[in-house]
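There is one chain below, alone, in structure tokens, taken in the form predicted on its own.
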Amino acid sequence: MTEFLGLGFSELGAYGTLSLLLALGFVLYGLTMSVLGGIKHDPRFTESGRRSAWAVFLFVSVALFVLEYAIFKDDFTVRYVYRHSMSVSPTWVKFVTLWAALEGSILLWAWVLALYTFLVSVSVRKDALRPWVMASMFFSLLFFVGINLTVASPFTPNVNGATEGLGPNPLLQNHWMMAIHPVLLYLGFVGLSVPFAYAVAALITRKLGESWITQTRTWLLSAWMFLSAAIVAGGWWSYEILGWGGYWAWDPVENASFVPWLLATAFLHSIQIQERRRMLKTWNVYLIIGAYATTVLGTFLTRSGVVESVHAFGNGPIGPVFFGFFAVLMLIGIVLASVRAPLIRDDHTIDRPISREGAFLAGNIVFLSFAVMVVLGTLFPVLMEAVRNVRTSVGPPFFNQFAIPLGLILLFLMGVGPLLPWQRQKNENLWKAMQIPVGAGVLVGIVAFVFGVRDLAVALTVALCAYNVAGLLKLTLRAAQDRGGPGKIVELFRIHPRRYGAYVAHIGLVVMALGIAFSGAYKTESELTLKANQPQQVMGKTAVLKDIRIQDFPEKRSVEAHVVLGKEDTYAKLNTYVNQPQQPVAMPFVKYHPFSDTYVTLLAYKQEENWATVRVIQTPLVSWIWIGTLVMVLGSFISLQSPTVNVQTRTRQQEVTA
């Protein structure tokens, strides 16, 4: 046993492996007990399985702690530590090294999944779904803990007797966002496993009413919130670290996180139709199966090496293993949904397209089309190479061709949906509901044109954003007026947090859309070589190189160019890390402004000759993307709150009195 654990080579590695083995044992026990509890309808089995989730979380947490401890202790007898850490790294870099490479990131995924399973175990209702929800969560755990013990073990001993490690990837030790983006991404990805588990449980037990939708809503919204924040945090990280001034390049790995978000967003809207109209049961089942399965597909793309990406890391057997798990998830979902097809068939259809459910369904179709096109564009080079042995690539022009019109359609539908009632009647006046938002959109679109906006897509975005804001304001003010005046708006949020949280999230999306439109269409850039104290003109500003400073740290050499641009000091850097001196990494300087960022990248320099080549980029409204995301997350957080019962009661009493 001690030989199997590698105790003779790495003590900490052996402890980590032992922890994972114990976790695996409890996963198998929990899975078995949960399935028996579901089959025999015996709560004793179910309860025993449920409690084993606590042990799984404990032992995966121990494994996570052991790996982190080994990194901080510079224990290079653990191969992961030897390959991805070094003793001179700063503390924060050592902390994030845990998920900076393949095996550690899979361990973090397993830990987040164990955490979600633990939280589900203490909150799941005592109903027929309970054992099968836990069984589904254990099934996913079985996969992730299993591969951490086999093809992606972070505790494999290192037997070369090294006293120093090879160090992390320079790109991953250059920015604090490395501590935020991956964790948010896993919280989003893994969070989708919970709605998936409820969907599987509902299909197995034939309890396909609205109960599983209701129970899963908080989990879904939380996962969607984390995933939204993660995607934009990744964009912000790219913006600040890659030296190109952009935030999204339709990179395959970026796309891999975007597809689950599109499907989860569609699901978030279509479950409202099932709750209100008892419709779209089949659609919702397939959407959540697809959303969770594509998180695994995205991980396959990231770690298989089948796509070329600045984000991809790892290759080897892990790719096929993830693809196999993706196939199993899809197979389970499709088979269960097919067997239960008669039970999830809708009794009636949407009889009036001009209704809220009609708008939501149209939005769902656009989200799904968007996801399909992104998947096709991402996998096309892989398919071409497999079928015709031809290497090709699909770049931003392909994605922009469909992303811009589909995005505009979604903005239009986003404004229509809240304005329309459920089951709209024939004699209602659609134009009456739409005239203020449409009027606002047309007016603001004309104003934008007068002020110089000539790009059609940007002008339409501006008009549609104004139309959305006007529609939401109209609805909010009308509801407040019904309760006594604009001063009642806060009370509306307390009574209907779900509805008004969604309005806030929509406002965030509007702000983000403006940032995307303007930063994409009106970005300007220029490269220039500056001699010290010799001014040059760039983009209407005077640029002066003041000096070039070189600083040496234990882990890197940092070259900093002090350039005064107009009246602003900028300090673009070029970092060279001791573990990869052949790969200097630019650390651009970004001066944030509400309406236009200034972005400076140091491209080349010669200190003894006092010159430096820099790229200067001006990007309008790019900060609005980050601000819009914060507003969107705030809206999601508000939607997660429970209505204030006291206010509801008082309101009902007032209504009765009136």
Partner chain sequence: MTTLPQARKRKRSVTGYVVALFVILGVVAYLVFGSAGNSLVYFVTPAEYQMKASEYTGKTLRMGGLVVEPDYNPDTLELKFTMLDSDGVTRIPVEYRGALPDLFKANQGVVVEGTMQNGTFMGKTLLVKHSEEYRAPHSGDSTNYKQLIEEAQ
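Here the rigid core means the biggest group of C-alpha atoms that line up within 1.5 Å when the two forms are laid on top of each other. Residue numbers count along the first chain shown, from 1. The structure displayed is predicted, hence computed values, not measured ones.
Omitted here: the form predicted in complex with its partner chain. The next part is about that form.
Checked against its partner chain in the predicted bound form, the candidates 338, 160, 91, 582 yield a single residue with a heavy atom inside 4.5 Å, and that residue is 582. Between its partner chain and the residues 123, 87, 524, 392, the one pair within 4.5 Å by heavy atoms in the predicted bound form involves 392. Taking the partner from the other structure, its partner chain in the predicted bound form has a heavy atom within 4.5 Å of a heavy atom of residue 613.
When its partner chain is considered in the predicted bound form, residue 568 lies well away from it, no heavy atom lying within 4.5 Å.
Contact check for residue 533: every heavy atom lies farther than 4.5 Å from its partner chain in the predicted bound form.
Residue 529 belongs to the set of residues with a heavy atom inside 4.5 Å of its partner chain in the predicted bound form. The three marked residues, 420, 431 and 442, fail to reach its partner chain in the predicted bound form, with no heavy atom of any inside 4.5 Å. With its partner chain omitted here, the record of contacts in the predicted bound form names 361-369 of 503-511, 361-369, 289-297, 537-545, defined by a heavy atom within 4.5 Å. Contacts with its partner chain in the predicted bound form, taken as any heavy atom within 4.5 Å, map within 364-386 to 365, 368, 369, 372, 373, 376, 377, 380, 384. Shown in the overlay between this form and the one not shown, fitted on the rigid core, is a CA shift at residue 413 smaller than 2 Å. Relative to the superposed core, residue 231 undergoes a C-alpha shift smaller than 2 Å between this form and the one not shown.
Once the cores line up, the CA of residue 147 ends up less than 2 angstroms apart between this form and the one not shown.
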